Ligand code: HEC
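To begin, one chain is listed below as structure tokens, in the form predicted alone.
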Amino acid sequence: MAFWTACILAVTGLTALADRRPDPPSPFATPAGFPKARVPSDNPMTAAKVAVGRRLFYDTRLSGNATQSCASCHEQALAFTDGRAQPVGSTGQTLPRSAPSLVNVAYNSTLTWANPALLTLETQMQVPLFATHPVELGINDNNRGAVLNRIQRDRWYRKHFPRAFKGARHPIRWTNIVRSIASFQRSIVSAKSRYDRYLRGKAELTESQSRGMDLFLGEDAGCHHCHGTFLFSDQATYAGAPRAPVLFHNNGLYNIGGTGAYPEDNQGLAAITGRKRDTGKFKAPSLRNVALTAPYMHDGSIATLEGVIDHYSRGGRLIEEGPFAGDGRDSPYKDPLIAPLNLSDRQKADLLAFLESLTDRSVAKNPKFSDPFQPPPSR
């Protein structure tokens, strides 16, 4: 580190002049129809910081055993999910909850399935990096210094961290690693679905999609109650928005033994509050790009969108046998918004068509979000 500090002090006057130039414009472009995202005052968006964060996001050296990166559970091609019902951490432990999409994560009020205390990407980042039960990236007190040293020795990082954190005496440190990854995640914005283009008068919905939209926004299906707003979630936030109550819902996914119980490792909000009435309450995630993010629910226990629509049409899931047997429709903790809809086959098909219109496939291929360690595709 002393050598690197000396190198910084030895830079030429020309470089010093360059460093005083203003940063390029923020890499966060607010899409048409979206409000401005809320960004922490102590971690403003810069192109240099996003570039560092993108590389860290894909760097397997940022795990205890150097086998996984953030991207291992958040793949660009799957709208930054992993296609698994439950992710597997770097040491082989299975996590109880599915990996949520990171697309438009800058607009999320909370950052996990059922923890109302994690309100910023910077605080949430502590979980995948340092959690021990279960292990995700597997950084702990025993290897923390060694993992940091891997990043500090890297020539690319030694060049670019000082540009991202100008004036910092020790730019490559954990606080700045977290800030960089959070900045990259905020830059992952998506608003080019067919539905978005329809709103801007640039595309038409099919007849089935139009009928599905009417169902979604109307009371026959009522999906908008939990999946409203531009984010298609009731946990959307943005710069200047009032701090609204953070909502979690029991959607009748389980009712073990008719008692309202959920699997022991997935109690939902009740695991935080200790209140029985919060059993099975989870976040209503954004439905943007939902066609790319199977399987569904907090534990990946519904494989397809058709299965999700069937679940809500019934008003709760029936599990007829096994350790989780019970009728979710009769759960004492189920949200009253979840009631039998008895949708026809055509209505189900129309809802599916509308949900598929929310997919922005460009975000799954955008080179700005891609793995910098991989060569660009040949033309």
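We number the residues from 1 along the sequence you see. Predicted model only: the values in this text are computed from it and were never measured.
Keep in mind that the form predicted in complex with the ligand is not shown, yet the notes after this line are about it.
Exactly one listed residue, out of Tyr195, Tyr157, Phe165, Trp113, brings a non-hydrogen atom to within 4.5 Å of the ligand in the model of the complex: Trp113. Checking Ala236, Val189, Met213, Leu95 against the ligand in the model of the complex, a heavy atom within 4.5 Å turns up for just one residue: Leu95.
Each of Cys223, Leu337 and Leu355 places at least one heavy atom within 4.5 Å of the ligand in the model of the complex.
The stretch from 200-208, 157-165, 80-88, 271-279 that comes within 4.5 Å of the ligand in the model of the complex, counting heavy atoms only, is 80-88.
Although the partner is absent from this view, Tyr333 stays clear of the ligand in the model of the complex, with no non-hydrogen atom inside 4.5 angstroms. In the model of the complex, the ligand sits beyond 4.5 Å of every heavy atom of Gln76. Shown alone here, Val52 lies farther than 4.5 Å from the ligand in the model of the complex, counting heavy atoms only. The ligand is not drawn, but in the model of the complex it has no heavy atom within 4.5 Å of Ile256. For the stretch 111-142, the set of residues having any non-hydrogen atom within 4.5 angstroms of the ligand in the model of the complex comprises Leu111, Thr112, Trp113, Leu121, Gln124, Met125, Pro128, Leu129, Glu136, Leu137, in sequence order.
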